[in-house]
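First, one chain by itself in structure tokens, the form predicted on its own.
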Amino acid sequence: MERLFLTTAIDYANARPHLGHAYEKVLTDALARFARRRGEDVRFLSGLDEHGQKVQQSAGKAGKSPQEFVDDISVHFLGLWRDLRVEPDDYLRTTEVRHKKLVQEVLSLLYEKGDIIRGTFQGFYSVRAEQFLTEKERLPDGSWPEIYGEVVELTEENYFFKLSKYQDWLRELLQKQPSLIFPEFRSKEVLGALEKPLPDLCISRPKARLAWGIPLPFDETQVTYVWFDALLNYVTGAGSGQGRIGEWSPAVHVIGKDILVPAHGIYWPCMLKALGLPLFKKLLVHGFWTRKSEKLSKSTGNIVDPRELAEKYGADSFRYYVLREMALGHDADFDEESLAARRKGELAHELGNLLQRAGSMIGRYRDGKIPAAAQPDAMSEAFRATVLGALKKWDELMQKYQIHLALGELWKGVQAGNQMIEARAPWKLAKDPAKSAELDATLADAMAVLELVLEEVECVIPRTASAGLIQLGLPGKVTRRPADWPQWPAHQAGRVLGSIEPLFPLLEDEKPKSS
């Protein structure tokens, strides 16, 4: 089976991680876990982008060397991923030797090929975006958009990648294959940017202005432009992760919409084409998080700290909320009350309560062992069909990257389990010895739906799913699906349950106040 190479954008190491960083990494981690559950061979790559002018400036303000600064910042990113159970197979920092060697090898190849040439730049430069600007970026009143921050005029000698050489190829490719970008409407944004002639890409900066970068192998007075350096992390981390160009394999790149144009939608495919490497499989482009419909921003104080949320509500509750709330490709508005409500409702009351009720009744009525169920009657058949149908729809939607909808379908199985318990009232069946077989069937069905759901939802709430499966008397580690998935569990009878504990204990502000 061909390996799925799945990557995140590498975060820029000039500040601590925010909600957007956390969502993207949780999203990609969930996709990786889901693919492994389906039996795919997955390589999941993430990392940190550590070069560039902003890092150099931030380090100076902090009174540190750039390396000391990024080493300190990396602790915050890696700590958050550990807390959120984001588990990439490889985490690449662009200051690593393996990456520097790869970048210099690529630069040498393109220089020898004639795709990198020396030239003079005269024009405007955005310090914040670390890119050169043209008149087309100006607003109608002649000012520059706020995203560019300070804009200065420059004249300097640099090296340029012949981006214009590949413009027609890229335009024709996206016209024929708009599905290379998800959602497809994002392809129109890239095509729109390709309507006007592309300037060649300045891929170097003089060391006199920017010392913090990878030196050009053919000119030690210049360092590599941060985007040219950063995009090549995908090649460094491919295959064995040893920085071998020949190990590149087409990836599914998960990125934010702010780095689609021009970086991933224009620069990156043209760089791959110039190197003679196959194109990526897909760009999965997610939207922005807002709060009260306003952009999250440190300058306005409108910020959301993912670490604080994970500590308050639990990492799995945070993971579930962001994946349930945002339709991949579109913007979403963060609402802490909604996070709390989803934790209390869907997670604690529906999933957690189903396990606690059914598990406790098996302990009370069947000595903690899952009973053997007789041949299912019409009611059980209908229930099982509902659950298995929800699982199939979950799988279908996950493969289409409709994760928020997929979770809604999976929860139909959870809700069906709770409705089944209410309808059959096992606490009443337990009082009538003649209803013993019906009680067995009810408890067995409840355990079955929990097993099926927890094995699937592990990709979203890994710690909770593992704990729940252990309570069901199963190993806590989820493995690949059986070939005949989805099928009703056939080997539950007699299995001893573990200790039944709340999956989502009450938060401090939910506990009854003592008098």
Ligand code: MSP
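Just so it is clear, the structure is predicted and the values come from calculations on it, not from any experiment. Sequential numbering from 1, following the sequence displayed.
Keep in mind the form predicted in complex with the ligand is missing from the figure; the text below concerns it.
The three residues R36, W81 and Y91 each lack any heavy atom within 4.5 Å of the ligand in the predicted bound form. None of 271 to 279, 222 to 230, 203 to 211, 386 to 394 except one has non-hydrogen atoms within 4.5 angstroms of the ligand in the predicted bound form; the exception is 222 to 230.
Although the partner is absent here, L497 is not a contact residue: none of its heavy atoms lies within 4.5 angstroms of the ligand in the predicted bound form.
Residue contact with the ligand in the predicted bound form: H286 places a heavy atom within 4.5 Å of it. Although the partner is absent here, P426 lies well away from the ligand in the predicted bound form, with no heavy atom inside 4.5 Å. At least one heavy atom of H264 is located within 4.5 Å of the ligand in the predicted bound form. Checked against the ligand in the predicted bound form, the candidates G314, P371, G256, P306 yield a single residue with a heavy atom inside 4.5 Å, and that residue is G256. Interface residues of 6 to 21, taken as those with a heavy atom within 4.5 Å of the ligand in the predicted bound form (partner not displayed): A9, I10, D11, Y12, H18, G20, H21, in sequence order.
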